[in-house]
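A single chain, nothing else alongside it, follows as structure tokens in the form predicted on its own.
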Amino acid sequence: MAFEILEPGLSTTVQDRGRPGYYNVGIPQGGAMDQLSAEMANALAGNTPAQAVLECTYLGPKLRTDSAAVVAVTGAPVEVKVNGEPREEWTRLELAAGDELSFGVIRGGTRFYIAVGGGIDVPQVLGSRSTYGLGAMGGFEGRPLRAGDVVPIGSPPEGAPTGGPNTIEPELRPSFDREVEVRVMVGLYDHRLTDAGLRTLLDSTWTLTPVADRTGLRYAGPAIEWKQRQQPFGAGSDPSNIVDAGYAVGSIQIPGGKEPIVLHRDAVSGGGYAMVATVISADMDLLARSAPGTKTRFRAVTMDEALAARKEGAFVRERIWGGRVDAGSG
């Protein structure tokens, strides 16, 4: 069973939950940018949460299935078509052999997800089928899909859920807003900012620029003031520079005091920019749904608040999976 890619879309890649455990050697966890939407697609298709899906950025693919298949489309709002006829997003869809699945232009957000019963069956690399484009590894030959590719589909694995939902209830679906509040924990290098600089970061409204991809998202707004100091040997000349350190996924750096950058799923593992705050894990999907132009506020929270937010996300996943499988923490 396979999908034939008739048109690849702008950037369509294979993604799953990613490959944790290799960040210390420069390989990011990666995986679906919007993990919750990807899991919802898998739930509808009758898969486990960890099975691989197609992540479609802005403009989706056109594909044909060579046999009957169960599919689902979730994520950014987009027109779904089967053989040119409209179908519903957030709903289980039945395809017959020879059916063509295609898409219109997204109406918000940046990415949507296609799950198919059995999952995308490309080889695992370091325990994951996710595409890591910068490293040309994983996914389908380590790259976005191209016209003419034939993407293999697996059989439902042992332990796959049965009796999954036919649709995701509207109240559980994520939103794709143009104004968002993103929760952060301040540190590790916030002490390098002046008091006014930290207030600017947390009190300003930032605009997501078009410079936003799987590695990081850049925001435009006011300049942020850093404390002046005699830079140590090995650090750059600007006060936003440090001697190289490891980066946390979700960390915020502000090169030159302008345009904060939030590192995301395919983040580099270290470098010489000070990290002044880190987006909490519960809000990483929210960032992934933001389209260029999204107005964003960063709000400082405590560790207890961050853990509570993660627990809330686990409740949503429990409702989606209904106890059929271990949905994990996401």
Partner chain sequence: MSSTTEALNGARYTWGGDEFLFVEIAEAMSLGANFKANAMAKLLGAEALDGVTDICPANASLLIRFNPDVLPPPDLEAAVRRTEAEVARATHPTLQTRVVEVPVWYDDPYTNETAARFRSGHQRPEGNDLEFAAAENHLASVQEFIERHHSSPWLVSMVGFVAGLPFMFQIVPQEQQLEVPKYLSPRTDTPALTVGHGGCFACIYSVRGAGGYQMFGIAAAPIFDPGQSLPDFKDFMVFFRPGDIVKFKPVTEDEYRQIQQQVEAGTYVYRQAPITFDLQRALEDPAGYNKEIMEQLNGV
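It should be emphasised that the depicted structure is a prediction, and the values quoted were computed from it without experimental measurement. Numbering follows the first chain given and starts at 1.
Same protein, other form: the form predicted in complex with its partner chain, not shown, and the subject of what follows.
Visitor: Is there a non-hydrogen atom of residue 271 within 4.5 angstroms of a non-hydrogen atom of its partner chain in the model of the complex?
Guide: Looking in the model of the complex, residue contacts with its partner chain include residue 271, since a heavy atom lies within 4.5 Å.
Visitor: Against its partner chain in the model of the complex, would residue 306 count as a contact residue? Criterion: heavy atoms within 4.5 Å.
Guide: Answer yes; at least one heavy atom of residue 306 falls within 4.5 Å of its partner chain in the model of the complex.
Visitor: So in the model of the complex, is its partner chain close enough to residue 243 to count as touching (4.5 Å, heavy atoms)?
Guide: The answer is yes: residue 243 has a heavy atom within 4.5 Å of its partner chain.
Visitor: Indicate whether its partner chain has at least one heavy atom within 4.5 Å of a heavy atom of residue 234 in the model of the complex.
Guide: So residue 234 counts as contacting its partner chain.
Visitor: Based on heavy atom distances of at most 4.5 Å to its partner chain in the model of the complex, which listed stretch, 171-179, 118-126, 69-77, 205-213, is the contact stretch?
Guide: Looking at the partner contacts, the answer comes out as 118-126.
Visitor: Just to confirm, with a 4.5 Å cut-off on non-hydrogen atoms, which of 278, 65, 296, 57 contacts its partner chain in the model of the complex?
Guide: Exactly one residue meets the criterion: 278.
Visitor: For the stretch 9-36, return the residues whose heavy atoms include at least one within 4.5 Å of its partner chain in the model of the complex, in the order they occur.
Guide: Residues within 4.5 Å: 20, 21, 22, 23, 24, 25, 26, 27, 29.
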